[in-house]
Each structure stands twice: as structure tokens, then as C-alpha cells.
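We begin with a single chain expressed as C-alpha cells, specifically the form predicted alone.
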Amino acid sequence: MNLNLKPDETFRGDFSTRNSDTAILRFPFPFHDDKYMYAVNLEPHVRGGPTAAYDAIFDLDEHYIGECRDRALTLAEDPLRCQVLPHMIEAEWDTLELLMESLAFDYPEHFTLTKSGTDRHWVNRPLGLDRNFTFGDASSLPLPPFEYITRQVQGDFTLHDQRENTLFMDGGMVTSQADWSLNFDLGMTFHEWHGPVPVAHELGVFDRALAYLMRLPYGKPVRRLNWTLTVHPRLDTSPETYPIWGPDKATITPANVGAHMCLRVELQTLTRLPRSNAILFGIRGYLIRLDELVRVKKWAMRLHRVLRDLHPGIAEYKGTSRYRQTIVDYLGAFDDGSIISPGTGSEQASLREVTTA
């Protein structure tokens, strides 16, 4: 699987990153229908789906190098973005094995894993890493096993220990989250860390989700999509850095909304780990500017309708209240009112050219 990697792009400062036509068409658009409401919406996580973002177990794309570099910058500024409680060491090794095996299988031209007993040889060509180590011996790696491998994968990861009839968030690598804090949530139960989410509790969504996940079997991972809106293609929108990115919300105008406003989508995966029985929660994030998204007619029309009719409580939680009408007005110019087919696929083999000024 050729990634067509971009060597130089930024997700802060000048925000030089842009999506190629290929990246736009592979974007995991989250809305099946013209209206949105919280739901468990879990499905088997198998290779294949509406776009190429579903073709690998852990998706990588053209932004791989830039996102790994941005993660390193965030960790240098705040090492607490990666924390794992001591009793989760077996889950750390489970995670390392799963990610290395998956990347080597899905991207053999970029990654190689060689095994002989407990001896391992790992090669990451895009990042220039070549490492011999002993599986189970943390001293043979330059970093703890969970941090070592999650520095090399796009998206965030959290580790969940199953005990006392619930799940505890007992570890994570979280540098590109949508306004939540690993340092604050570490050690919390499933219902505690979902506490701020409106409406869903009343609908029983989290009760059903927890009951399902407590029975999640090994070898049958599941996935779901989540979404929010972000000003600029900024990966790090954590509470810790709110003074940096929070003021951006006041900068959106009808003149710049297409270029500055992004739909942020998370392809979330949940995988039972074999030795620890923990659950690895992968949060693979994608950012697309609105002026890129509107090149797909179906997506422009559907996002317009979803945001226009969004439940007020959800709109407030998603942080869209300040600029939602500006976005709706912008997208409305691309919505001709025609019926849109169900599903999230683009239904376009190539992108249309549009005037977004």
C-alpha cells in the first residue's frame, strides 16, 4: 500500500498541510443520513469500507511523517500526554505487538517485523528507525513499549483495564484529542470519562456501549465514527493548550470559513488484547478543510443539513455555537435541495472543481 508520504507539512504555526485529491476521496465522512443523533453505531472492524481509510487495520496516509513529527513536538512540550499506569505493562507489550504486526502486514514496503523466539527486528523506513529488541524486556527499547510504538502511528490510543464490572482508562498516548485531557481522565471509569457528553446518557447510549464492550471478544475488533469541528487543521486541541487554540474560534468569518474551518473525524477502533485482556482504543483523527470537503457534492449537501438541524445540546457540546450559522450559510451555497442517497461514500471517482470564495 503506497502512502505517497509528504515529507514537510505542519499542523501548527502556518498550517501548511493540505489534503491531496486522493486524501479527500479517502476521508471517512461520518454521516449516513441528513440528521445526526448519538448512537452506539459499532460495526466489525474489518478491512474494507466506504473509502480507502478502512483498507488497513490501523490506517496511515500521506500525512504520516508530519503527524508523527507533530506528536514528538507535543510530547517534548508536555510529557504527560503519554501515561500508562504500572499494572498495564502487559497491555503495553500487547499494543506493541499488535501495531507492529498490523503495520508490517498492511504496509510491507514501509515496515518490516522479523521474529525469532523473543528476538525482534523492527524497521520503520519512513521515520528511519531500525531496532533489534527482546519482546518483554523493556530495557531493550529506548522508550517504554507503549510509547515507543505509538510515537510511530497516526492517531491517539488509550488502554482500558476491565475490572469491577466496568472499564478503567489506565493509559494512553493522547496528543491530538478534541478538547479532553488524558492527565485528567487517567484512572476514570467508562461512565466517568464520558460524563460531559450531553443527551447520550439520557438515551442510554453509554450503558449499551459498556455492556457490549465488556463482552468484546479477542480477534473481533469493532469501530465507530465520531466527529467535531476545529478551526485550522490543528492536531493538538487539548484543554492544556486552550490558550493557544481557543481564541481561533473568534476568527471565523464568512470570508475565511472555507479555508480555516475543518471537519475533524475520528475513526475509533476497539480491540481486545490477548495477554492482558485490556481493550486498546484507537482514535485515528482526520482533518479536512471545508473548501476541500465541498468538492464532494454529497458530503457538502449532507453536512449542511446535519449542522443546520443539529440538536442544540449537541451543537453546544461540539463547540460549534459561535460559528455554526456561518458554516451553515457557507455550505448552503452547495446544497441544491436534491435527495441524497444513504451512506457515507463519496459516490465520485474524481473531485469536482468548485468556487469557494
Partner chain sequence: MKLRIEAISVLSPTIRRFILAADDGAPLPVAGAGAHVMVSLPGETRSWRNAYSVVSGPGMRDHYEIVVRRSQQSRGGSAFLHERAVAGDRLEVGLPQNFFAPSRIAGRHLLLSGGIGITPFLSYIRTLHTPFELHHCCKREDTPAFAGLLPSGATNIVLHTNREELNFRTLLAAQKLDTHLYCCGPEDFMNDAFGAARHLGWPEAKIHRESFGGVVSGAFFTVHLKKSGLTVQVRQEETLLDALEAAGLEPPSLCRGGACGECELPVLAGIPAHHDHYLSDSRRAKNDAIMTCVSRAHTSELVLDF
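Positions refer to the first chain, counted from 1. None of these values were measured; they are calculated from a predicted model.
Keep in mind the form predicted together with its partner chain is missing from the figure; the text below concerns it.
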One stretch from 156-164, 122-130, 255-263, 137-145 that, in the predicted bound form, holds residues within 4.5 Å of its partner chain by heavy atom: 156-164
Option touching its partner chain, based on a heavy atom within 4.5 Å in the predicted bound form, out of Thr112, Thr228, Asn277, Ser102: Asn277
4.5 angstroms heavy atom contact with its partner chain in the predicted bound form for Asp106: no
Any non-hydrogen atom of Arg224 within 4.5 angstroms of its partner chain in the predicted bound form: no
Heavy atom of Glu92 within 4.5 Å of its partner chain in the predicted bound form: no
Proximity of Glu97 to its partner chain in the predicted bound form, heavy atoms at 4.5 Å: yes
Residues within 4.5 Å of its partner chain in the predicted bound form, restricted to 219-258 and counted by heavy atom: Gly219
